[in-house]
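Single chain ahead, by itself, as structure tokens, in the form predicted alone.
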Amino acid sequence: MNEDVSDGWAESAAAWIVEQGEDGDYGRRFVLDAPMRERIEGRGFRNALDVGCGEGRFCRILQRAGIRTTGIDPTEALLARARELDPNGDYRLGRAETMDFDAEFDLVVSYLSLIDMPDLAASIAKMVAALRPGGTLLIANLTSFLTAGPPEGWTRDSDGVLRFAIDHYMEERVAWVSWRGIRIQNWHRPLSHYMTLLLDHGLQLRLFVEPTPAGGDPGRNALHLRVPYFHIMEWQKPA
């Protein structure tokens, strides 16, 4: 049974699989993967939950770091690809908002998946519940500056200069975004919304960074430097 409910993921799964490949898309390959690996390698993590695991690429990265993984995602076509590439992996159909894990993991990861979750409060509550005391919640997310841009985003002004439009920043809303045959819904929320939900669970912030590109096309990287695309947060559940 496919749990995709008209948010575009079922229809976009094939294009997403092509876009990611084994090395990930541009942002993962040149911006996020290196700092995300730094946060998992050599830390003693044993058992990780990847929430919104998609085709399982980050689960495989976690496994290469010696970490046992469970992946959960609501799109069956992506899970089928994850199982094809990792036949012995543990991949489960489900949504963050309704998953049911009780303090089973010392690491919970959301790698660019919070923006896909309609009920963020319920999703974060379930992620925190899945963590053992003392465990780590590792989040990579689109910045709220970036998600406040659509539908205009990057446009040229009357002088032909490329500008990025940010509007209705404080308004939580969903928008359709499209690229390379992918068309999905992303949620915009102000940063304070994320921070308040996480702090309300008593989590302790251990890391907040806005990584910059390393390698890749200079033109694309210049846009990342003008408008921060991503941030990484690491939160610890009190022991």
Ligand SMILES: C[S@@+](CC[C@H](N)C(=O)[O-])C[C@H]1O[C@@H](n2cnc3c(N)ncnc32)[C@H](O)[C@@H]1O
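Note that residue numbering follows the sequence shown and begins at 1. Please read all numbers here as calculations on a predicted model, not as lab measurements.
The form predicted together with this ligand is left out here; the points below concern that form.
Shown here without its partner, the chain carries Cys53, Leu112 and Asp116, all of which come within 4.5 Å of this ligand in the predicted bound form through at least one heavy atom. Residues placing heavy atoms within 4.5 Å of this ligand in the predicted bound form fall in a single listed stretch, namely 73-81, out of 163-171, 73-81, 129-137, 150-158. Among heavy atoms of Trp16, some come within 4.5 Å of this ligand in the predicted bound form. In the predicted bound form, Asp86 stays away from this ligand, with no heavy atom inside 4.5 Å. Taking the partner from elsewhere, Asp90 is found to have every heavy atom lying beyond 4.5 Å of this ligand in the predicted bound form. By the criterion of a heavy atom within 4.5 Å, Leu107 is excluded from the residues contacting this ligand in the predicted bound form. Heavy atoms closer than or equal to 4.5 Å to this ligand in the predicted bound form belong, across 95-111, to the residues Arg95, Ala96, Glu97, Tyr111, ordered by sequence position.
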